[in-house]
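In the block that follows, a single chain appears as structure tokens, in the form predicted on its own.
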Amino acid sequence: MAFVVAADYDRFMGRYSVPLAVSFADWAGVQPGQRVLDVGCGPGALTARLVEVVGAEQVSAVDPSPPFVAAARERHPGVEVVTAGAERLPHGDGTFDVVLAQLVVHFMTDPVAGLREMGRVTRGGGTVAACVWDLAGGGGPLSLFWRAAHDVDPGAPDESLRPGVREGDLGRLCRDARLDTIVSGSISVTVRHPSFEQWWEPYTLGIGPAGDHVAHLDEAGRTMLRERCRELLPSAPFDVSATAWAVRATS
């Protein structure tokens, strides 16, 4: 699995991650005058909100995907964007006031190491914050898709066993990373979809585990899954509400 094409990722997850970024940055306490780091920035949904709040010169971002780094650089001139994973951040100790990871912890190779690194590059008393969709409790934006996938194939893999996707997971990971003053919560967003086709088409782009699942089905399997999704969704236009678990802590 690889998130490769920024425009495809925008169509698949950006429709949810952009509104989430506004609430997440506020929940994390980002304020003008702070220096901030976006860990696992992707093509820059959260980066954009951080630039709005603190200015491009105060924002840095990292992502392990070179195409995403290129997209974030192009979209956000003045932001320092480098290719790096969360587990080895290329910044000195105590560089930032706030370090954030939106929809990233569950894709980290080692979430505890990644959160520990986030704490390392945060100044003493600064904030480390992360959020992950409720992929285990049925509250994520992809939950209906996975329900349909399991209806068609009860053995279909999903994302419910990834780290951070259950209530309380992020707090436990922060404790293991030796962060302090841990506060857990949740953030919800609602997105309007004008048609079933507009909702479904991004699943065919091969983005993330859901896209991988669709890509590996034969034509008959894709048709069965698509029509089961159609049955489960209300008539268009319809809203999809999604919840992300969130955590903030001090370094």
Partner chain sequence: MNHPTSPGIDPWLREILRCPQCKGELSDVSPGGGPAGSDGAVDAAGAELHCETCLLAYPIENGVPVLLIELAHPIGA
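Numbering follows the first chain given and starts at 1. For clarity, every value in this text was computed on a predicted model and none was experimentally measured.
Keep in mind the form predicted in complex with the partner chain is missing from the figure; the text below concerns it.
A.B. asks: Select, from the options 155-163, 142-150, 76-84, 173-181, the stretch whose residues sit within 4.5 angstroms of the partner chain in the predicted complex by heavy atom distance.
C.D. replies: Contact criterion met by 76-84 only.
A.B. asks: Would you please decide whether residue 89 lies within 4.5 angstroms of the partner chain in the predicted complex, comparing each non-hydrogen atom pair?
C.D. replies: Judged by the heavy-atom cut-off of 4.5 Å, residue 89 is in contact with the partner chain in the predicted complex.
A.B. asks: Can you tell me if residue 59 lies within 4.5 angstroms of the partner chain in the predicted complex, counting non-hydrogen atoms only?
C.D. replies: Flag for residue 59 set to yes.
A.B. asks: With the partner left out of view, is residue 133 within 4.5 angstroms of the partner chain in the predicted complex by any non-hydrogen atom?
C.D. replies: No, residue 133 sits far enough from the partner chain in the predicted complex that none of its heavy atoms falls within 4.5 Å.
A.B. asks: My question is simply whether residue 97 lines the interface with the partner chain in the predicted complex - judged by any non-hydrogen atom within 4.5 Å.
C.D. replies: Answer yes; at least one heavy atom of residue 97 falls within 4.5 Å of the partner chain in the predicted complex.
A.B. asks: Among the candidate residues 207, 69, 51, 187, which is the single one with a non-hydrogen atom no more than 4.5 Å from the partner chain in the predicted complex?
C.D. replies: Of 207, 69, 51, 187, the residue with a heavy atom within 4.5 Å of the partner chain in the predicted complex is 69.
A.B. asks: Going through 179-205, which residues have a heavy atom within 4.5 Å of the partner chain in the predicted complex? Please give them in sequence order.
C.D. replies: None of them.
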